[in-house]
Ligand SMILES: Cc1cc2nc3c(=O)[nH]c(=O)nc-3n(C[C@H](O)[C@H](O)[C@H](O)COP(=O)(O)OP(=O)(O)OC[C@H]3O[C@@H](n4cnc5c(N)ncnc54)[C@H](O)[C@@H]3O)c2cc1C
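In the block that follows, a single chain appears as structure tokens, in the form predicted on its own.
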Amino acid sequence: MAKNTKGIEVAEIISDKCIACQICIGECPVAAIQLTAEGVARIDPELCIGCGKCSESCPVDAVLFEKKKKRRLRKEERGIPPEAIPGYEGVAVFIEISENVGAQVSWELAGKARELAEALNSKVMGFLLGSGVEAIAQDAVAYGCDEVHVIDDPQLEHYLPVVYGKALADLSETLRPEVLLIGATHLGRDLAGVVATHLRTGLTADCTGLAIEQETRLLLMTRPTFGGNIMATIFCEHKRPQMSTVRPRVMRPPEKDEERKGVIRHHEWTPPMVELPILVELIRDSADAEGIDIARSPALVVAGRGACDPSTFHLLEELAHLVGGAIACSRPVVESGFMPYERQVGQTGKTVAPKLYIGVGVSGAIQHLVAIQGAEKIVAINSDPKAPIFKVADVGIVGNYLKVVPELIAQLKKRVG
């Protein structure tokens, strides 16, 4: 295969086979493919990264590309120590506080931490920072923490990066967890970078999957990359703790068990000797101008590129009303100016986990699918039977939404009288 000046083996278009369907153009994560004046797709070799997505998507095999099988490196080749790094034990979860209660993402991570701890034959620890947080510490036990380590101090009543960063780093240095998980909220994303810097360890942000490699005890952290077109699995070989932030509503929380027993330990703490800023006002931005937070809605009707038409907005609005939910959208709809960013579902928008998700004209790009994997039931309406969203849908309806949605509304009205 041909190589570009960077030494990357690149794909080539067989012009005689190309039918100018432009599917490869849409699949290319780096915009390396264009349609020429002759109506044939052409790949810019200097932009091509050799991912092979164009070859996989071409319906007529007009792309010349041989994807090499990756050989899994042996432990010795990867430079991994023959045994786990000594002195570290347990899976720790940072318990974030939201509106004076434990944030939902913290309980989601507590459930995942239990799975990881069982794979490591270890324990689950909750790290809790705040002021007057005894009730939240009890909740952490009820959601699966074996131990809850608390720093209760008036200076921790409100989040400040300098104060929280030092407190969480101090707990981590004292208790030395093997894994540290933090929710990828606005607060968590800010805090995780501060703590990773303090601890001089690695950090993988916005993960959508976590697993343990048994023989090495490595945390395998999976996240979207290349704008969500590729899923990468990352691990931290030589530093501990292995840190990850995880987006809300990606993991399912465990059932709360009020009878569960655990240990709650309070730690003495020395605040940083720096002049701290004064919190004047706390502005919450989870909801949009209409006061709707799609991340908390029990049902969503999501408009995609195929339903990006202001004249039919009333149909989606009526459907959302009938199912007791809200209207949301995919990224192309926001970019068109049809709906505000606060309503966007996706990797660059919000991760959602409604009881019911209805996608109307949503094709199902990977960055969108990652953000809806927590939904209990997914209904997809699309005129393209090959749309990726049908692969994850519980119910798929192939057809023009202008015919399907009115019929769906009529049937729902019959049901509710």
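Just count from 1 along the sequence shown to find any residue number. Just so it is clear, the structure is predicted and the values come from calculations on it, not from any experiment. Rigid core (definition): largest C-alpha set, two forms, superposition within 1.5 Å.
Just so you know, the form predicted in complex with the ligand exists too; it's not on screen, but the next bit is about it.
Visitor: Among D384, E66, E56, E38, which has any heavy atom within 4.5 Å of the ligand in the predicted bound form?
Guide: Comparing distances to the ligand in the predicted bound form, the residue within 4.5 Å is D384.
Visitor: I need to confirm a contact call. Of I292, V323, I234, I97, which residue comes within 4.5 Å of the ligand in the predicted bound form, counting heavy atoms only?
Guide: Of the candidates I292, V323, I234, I97, I234 is the one lying within 4.5 Å of the ligand in the predicted bound form.
Visitor: Name the stretch, out of 158-166, 179-187, 109-117, 298-306, where some heavy atom lies within 4.5 Å of the ligand in the predicted bound form.
Guide: One stretch meets the cut-off, namely 298-306.
Visitor: Taking heavy atoms and a 4.5 Å cut-off, does V345 contact the ligand in the predicted bound form?
Guide: Residue-level check for V345: yes, a contact with the ligand.
Visitor: Looking at the partner-bound form in the predicted bound form, is N400 within 4.5 Å of the ligand by any heavy atom?
Guide: Looking in the predicted bound form, residue contacts with the ligand include N400, since a heavy atom lies within 4.5 Å.
Visitor: Does at least one non-hydrogen atom of I358 fall within 4.5 angstroms of the ligand in the predicted bound form?
Guide: No, I358 stays farther than 4.5 Å from the ligand in the predicted bound form.
Visitor: Would you check, heavy atoms only and a 4.5 Å threshold, whether H149 touches the ligand in the predicted bound form?
Guide: Outside the cut-off, so no.
Visitor: Going through 356-370, which residues have a heavy atom within 4.5 Å of the ligand in the predicted bound form? Please give them in sequence order.
Guide: Residues within 4.5 Å: G361, V362, S363, G364, A365, Q367, H368.
Visitor: Superpose the two forms on their rigid core, then report whether the C-alpha of V345 is displaced by 2 angstroms or more between this form and the one not shown.
Guide: Comparing forms between this form and the one not shown, the V345 CA shifts at least 2 Å.
Visitor: On a rigid core superposition, would E213 pass a 2 Å threshold for CA movement between this form and the one not shown?
Guide: Stays below the 2 Å threshold, so no.
Visitor: C-alpha of P332: shift of 2 angstroms or more between this form and the one not shown, rigid core aligned?
Guide: Yes: P332 shifts by at least 2 Å between this form and the one not shown.
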